[in-house]
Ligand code: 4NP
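Next up: a single chain in structure tokens, the form predicted on its own.
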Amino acid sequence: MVCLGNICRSPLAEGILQDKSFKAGLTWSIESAGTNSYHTGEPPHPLSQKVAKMNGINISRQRARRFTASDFTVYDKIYALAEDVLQEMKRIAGNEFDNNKVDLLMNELYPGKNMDVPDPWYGPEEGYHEAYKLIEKACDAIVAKYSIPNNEYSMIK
């Protein structure tokens, strides 16, 4: 899962998809990253942690990292949480960019609509709840789509 700073949306997406895949009996490895390095090494935003915890998910041990071109070699599927993030991923990856491995997260719910998960960074807590709800629905769709028992996928959010 990839967003801009890897402290708001993508940590939520990592936590939600990891939780849902585990509960579905899947052995997926889910990670997240950001296209910038402003927050590298930092934990998720306190409101992301709060909203995740309110939903039974602990994301406090996650640490922000920067998306790299090599992520296309490491991961089977990469979801961008917004169109501007996807464009920055293309720039960072250069020749390593693999269009077959990447999609916008919300396309799992609304194919071809290219919708963003709004960034709650500058807003009040309610924006984090809204982001959580959107991400959760998309993660439900991902688990349903790829839920093949004992099938291992390595994903980045």
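Numbering starts at 1 and follows the sequence shown. Not measured: the values here are computed from a predicted model.
Just so it is clear, the following notes concern the form predicted in complex with the ligand, a form of the same protein that is not shown.
Would Met1 sit within 4.5 Å of the ligand in the predicted complex, counting heavy atoms only?
-> Close contact is absent here: in the predicted complex, Met1 is far from the ligand, nothing within 4.5 Å, heavy atoms only.
Exercise: Asn36 in contact with the ligand in the predicted complex, heavy atom 4.5 Å = Yes.
Counting only non-hydrogen atoms and a 4.5 angstroms cut-off, does Asp119 reach the ligand in the predicted complex?
-> Contact with the ligand, yes.
Select, from the options 55-63, 38-46, 22-30, 87-95, the stretch whose residues sit within 4.5 angstroms of the ligand in the predicted complex by heavy atom distance.
-> Heavy atoms within 4.5 Å of the ligand in the predicted complex occur in 38-46.
Determine the residues of 1-26 with a heavy atom within 4.5 Å of the ligand in the predicted complex and present them in sequence order; the list may be empty.
-> Residues within 4.5 Å: Cys3, Leu4, Gly5, Asn6, Ile7, Cys8, Arg9.
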